[in-house]
Each structure stands twice: as C-alpha cells, then as structure tokens.
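Just the one chain here, the form predicted alone, laid out as structure tokens.
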C-alpha cells in the first residue's frame, strides 16, 4: 500500500469507501469524529423496503472493513480540508495524496417547528426516536401504555422555506410507510395515520410497499398538513389538520405523534468550504463538480465525495457512490504515477 488516502467520516459511505480503497491496494485512513463508526445507521432498526435489520448491514460492513486492514481513528474530528490533506480540531495536520469527504448529514431539529410540540409534549416523538424504541422493543407512550392511535407527519424539516429547508429529503416518505407497517405489526388493532403533502415513492419496491401498507395493513393516508398540536388533560396529543382531498378541516386526538424529520446539510460543510476547493450548493449540501459524469468529484483533482454530504440518499445509493468514489481515487492515483 503505497498511497495514503484520508476518508473523512465513518458512516456507511466512509466505511465502504475505505473498504473499497483497501481492496484496491490503496492505503486508507478513516477519520470519525465520534467514539464509534457506523454513523446514523447505528440508531436504525430495519431498512426499507426489505425490512432488513440495520445491524446486519452494519455488522457485515464492519467485519469486512476490519479484515481489510484499513486504519480507523475515532474521536478524530476534521476542522479543515485542503489539497495537502486535513487538519483536525486538535491542531494535528495529516497529509494525504487524496481526500474523500463522507461527512454525511444532520437530522433536522424538530424543536424548530414549535407548533408540533416536540420537546414540549411528552408524546410527540421524531422518526429517529421511534427507531430507538423499535431497537429497544419498547414502543409505548410516555405513560408506559400501548398506543391505540398514532399519527405520523411527513416533511418535518423538508420542503419548508420557513426553516430554510427547501429541498426534499427523499427518504422520509418511505420511512413513514415503513414505520407505519412496523407499528401495525406491533399493534394490529391500532389506527395508524400518515399525514402527507405528496407521497414520493421513487425507489424500487417503494410504490409496492405503499400499496401494501394500505391494502394489507389498513394504514390510513391523509393528504394534508397538521397545522398544530396541543396536549390534552390526559397527556394525549390533539392535532388539527385539513384533509385537502375532501376540502374539510380535521381534528383528532392520538396517543403518539411521530414527526418524520428530514436530512439537513452537515454543520461541517460550511467549515470545509472556507479554505478549500469544496463548494456549497444553494441547499448548503456540498456541490459536486457536476451531477452526471463527475458526481463524486470536487473542483480539486484530489478531493472526492461520497454519500449524503452532497444530497439526501438512501443506504444503497450511499454504498454504491462510495464504490464509485474509490474507483475515481484509484484512477487519479494511477494517473500520477
């Protein structure tokens, strides 16, 4: 292994990038700011549309990465990226022949949508909170009761100019369908409602899963936004909405309200763009050289991208893009010899 490539970010895109580089005989150094690798996938229960346990995907990827001999450093946060390498927040500089940025995304802070009561009413949760409940096998209300009526609200922190999130997060719709089915499997007699603006089922098996949710599980889909939520005297959540298909207001009391929070650009993006060839798109995700032939490339010849640092993506897309980025790095290093 004669070349050193730094991979910034230890989520699934960073892990797959480092693994693919090692398989090509290129020495990768994977830097992760937190205590462990795996990124957001470590908090997920099952993956759409196959309901594959997230732990299986992450476990297989972790094992192969370990066997590859790739160097992994946790608790190593990158402050600066340039053509020479990276600088960590502790002031350490690391040189590299190439850098692959896989720093991912942040989850939207649902507290910014005060009208829904997240952080105020105990029975308002986010989709990430619900995944944690699935993992703990404990999907109960704040009072420890089995919910009998649950509402899921789409597009919280997506397609919303008021909070500066104009983009579609792409995976929230299918996440809402997946979670609704999981809830129905846990509580077959419960009433599950999905409130949406538009249903965007863009991926293979997604539309079929949406139909299955309605036809086999009896999950209700209501076209309309929830305008506000409030707490009742018995700590349930009262929601007000409009069913735009029939053109009438709707009021409902539920045991749990789940906010399907979107992807937002990583906080590190602006910092990375200050002193390098990294450019930001209007959405503040990182802007690739182009969206077609150079979608994993930056304006600098030795800085590359993979995963959700450039836009919202699903797990499969992030893994495939990581393999493509590793190929581009290998081509770049070969051309320099």
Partner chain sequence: MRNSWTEYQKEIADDNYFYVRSCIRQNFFPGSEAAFLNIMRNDLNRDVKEEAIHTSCTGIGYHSDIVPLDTIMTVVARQFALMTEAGYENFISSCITSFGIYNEAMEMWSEFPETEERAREHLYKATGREFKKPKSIAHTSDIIFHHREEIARKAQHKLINVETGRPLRVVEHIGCHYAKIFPKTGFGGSEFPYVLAGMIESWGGDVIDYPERRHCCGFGFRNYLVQANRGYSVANSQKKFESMAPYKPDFIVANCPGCAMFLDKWQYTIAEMEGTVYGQDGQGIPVLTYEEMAGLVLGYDPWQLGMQMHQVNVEPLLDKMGIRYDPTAKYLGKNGKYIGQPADALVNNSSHIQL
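Positions refer to the first chain, counted from 1. The model shown is predicted, which means the values in this text are computed figures rather than measured ones.
FYI, the form predicted together with the partner chain isn't displayed, but the following is about it.
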Mind checking whether each of 29, 72 and 75 has a heavy atom within 4.5 Å of the partner chain in the predicted bound form? no
Of 138-146, 259-267, 180-188, 226-234, the segment with heavy atoms within 4.5 Å of the partner chain in the predicted bound form is residues 226-234
Answer key, the partner chain contact in the predicted bound form at 4.5 Å (heavy atoms) among 238, 89, 84, 93: the residue is 238
Only one of 120, 107, 132, 197 has a non-hydrogen atom within 4.5 angstroms of the partner chain in the predicted bound form; which is it? 120
Would you mind checking 248-286 for residues with a heavy atom within 4.5 Å of the partner chain in the predicted bound form? 251
